[in-house]
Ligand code: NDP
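What follows is a single chain, given as structure tokens, in the form predicted on its own.
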């Protein structure tokens, strides 16, 4: 499967051009050069997609879990068969190392389809017996047409995380992938056609958020919106969809803390802290960007952390030796660099990284940045309060458990937190008090798809994963039958 030069929308089971005939440039982050073009869709394309989804909904919603299971499993199998092509396309599109696309992103996309296809087969409703009077049972019915809008950092991974449960529950989807990373969504459309997904069940509209995304959110026929992205965009979606009483699932920004106590398993902690800091160039909403270390361990941690970070290799994403690839876009690279400049203004010391490495050949125009570690910043400064979303972390010591909790909880975000300690009582006590939707103890990014996923405070509303996702994409209806 070779990617196309000009991508198409996927509407009513067919690959079609945008109504406007206009296309956007798609850049290869590793070179800074345009390598393909995606539709610049607008409300007319969304209208066609919604109409196709409405036509498909009656049959798809009544097809039953088993038929939907078989179709989604065929999609998963085809992604697996074409894994190499998907992984390569994801890497070229996003700038992440090929090893990451091949070992994480594409396998997880397969797993999303398989997991939710299977989960929907076992999705049970409740019954309530009123002694001698009546029986109540709950119907869980699909909503209809739903909108799924996904981000650029884990393109196919997070797109399928939304559309798989929506389809498994019997809904029809109008989806929009990020305009920065559209390629694997385009390849997914081709797979869906090959798998025999009925026309209109899934529709993929490419384009910009203010045009295509806005049209999906504002359309009166989309019953729910599942969105992953920035907090400011989430706030706008609420302002548009809230007054229309749409169901909303919003997974937004994060400024995640790592709390490292002196009694931790040092080697295990260091290995996972490297991953949680710099995986995917720090462009994962779950990355730990604020690292707090108990003072007796601080200097040992800092020196080893700097040593290991300086040893990371920034290279072309397709290189087998690459630890970090390119950031997703020139604009994002400049944003991350602006925070490094801000950190200096705020009194921070950049212990390593934060500069563009010299690259050769086609990579000279790519969006590369050495991973950076900063110390000496106040907890309330902007660098410690605002989401940077790049290979930049701050470190600072703490003296007491109470101080560690105050530091960890001292932002408007609350997506994830990581806690390192061998003291099980402390681990339970601190985990309970952390203001986060996800707390990892002595690990990072250990994911069970059955568990609820999401954040608190400005990190979002609602939960994805497992039955939480199937509940979101269905409407409960109580049926009460009085005894004769």
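Residue numbers count along the first chain shown, from 1. From a predicted model like this one, the values you see are computed outputs, not experimental measurements.
This protein has a second form, the form predicted together with the ligand, left out of what is shown; the following refers to that one.
Note that among 355-363, 382-390, 314-322, 99-107, the stretch whose heavy atoms approach the ligand to within 4.5 Å in the model of the complex is 382-390. Checked against the ligand in the model of the complex, the residues 372, 146, 158, 404 give one hit for a heavy atom within 4.5 Å, which is 158. Residue-level contacts in the model of the complex: of 233, 279, 82, 394, one residue has a heavy atom within 4.5 Å of the ligand, and it is 233.
Looking at residue 227, you'd find a heavy atom of it within 4.5 angstroms of the ligand in the model of the complex. When contacts are judged by a 4.5 Å heavy atom cut-off, residue 210 counts as touching the ligand in the model of the complex.
Taking the partner from elsewhere, residue 179 is found to have a heavy atom lying within 4.5 Å of the ligand in the model of the complex. Under a 4.5 angstroms non-hydrogen atom cutoff, the ligand in the model of the complex has residue 453 among its neighbouring residues.
Residues from 139-159 that approach the ligand in the model of the complex with a non-hydrogen atom closer than or equal to 4.5 Å are 149, 150, 151, 152, 153, 158, in the order they occur in the chain.
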